[in-house]
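Take a look at this single chain in structure tokens; it is the form predicted on its own.
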Amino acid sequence: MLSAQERAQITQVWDLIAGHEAQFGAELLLRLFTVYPSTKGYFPHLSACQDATQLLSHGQRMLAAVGAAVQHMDDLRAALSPLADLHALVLRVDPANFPLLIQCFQVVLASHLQDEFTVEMQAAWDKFLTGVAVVLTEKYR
């Protein structure tokens, strides 16, 4: 799936955001809710006022899952199986929302990392996150 160079680029970007997962995740959620308001319905525990503490907490959890995926690039299915079960069987998230999340995450990465987030890195992250989305949606079938 991923070349050695793409793996290195994904790891390099992850190393740049490590320690800032909550902030990046909260910004990702805010961007997702603003650009795609219909996605708010999947997060009823995040109040309408978008409490900063709740956003940071959920953002941290979301990016922790991305971090787990980065650490287990060779076996995404095993690493993400519990998360796939949760999204497909419990939360019943429409799979069409994953590309929206991917897009918003890449915008957050680009806005923070700027020149460090090269076109090649974006391509690698897009490929990687699409692979994550595929794994998360396999349980829907």
Partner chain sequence: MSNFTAEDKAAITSLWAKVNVEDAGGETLGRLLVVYPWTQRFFDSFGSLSSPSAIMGNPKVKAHGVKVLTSLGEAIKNLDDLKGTFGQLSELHCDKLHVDPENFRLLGNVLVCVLARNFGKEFTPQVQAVFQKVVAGVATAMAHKYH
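Numbering follows the first chain given and starts at 1. If you're wondering where the values come from, they're calculated on a predicted model, not measured in any experiment.
Although not depicted, the form predicted together with the partner chain is the subject of the following passage.
Taking the partner from elsewhere, every residue among 34, 115 and 126 has a non-hydrogen atom within 4.5 angstroms of the partner chain in the predicted bound form.
Distance criterion of 4.5 Å from any heavy atom to the partner chain in the predicted bound form singles out 110 from the list 110, 68, 83, 91.
Note on contacts: among 73, 46, 56, 104, the single residue with a heavy atom within 4.5 Å of the partner chain in the predicted bound form is 104. Under a 4.5 angstroms non-hydrogen atom cutoff, the partner chain in the predicted bound form has residue 30 among its neighbouring residues. Using a 4.5 angstroms threshold between heavy atoms, residue 11 stays clear of the partner chain in the predicted bound form.
Segments offered: 58-66, 96-104, 38-46, 73-81. Contacting the partner chain in the predicted bound form at heavy atom distances within 4.5 Å is 96-104. Of all the residues from 119-140, those having a non-hydrogen atom no more than 4.5 Å from the partner chain in the predicted bound form are 119, 120, 122, 123, 126.
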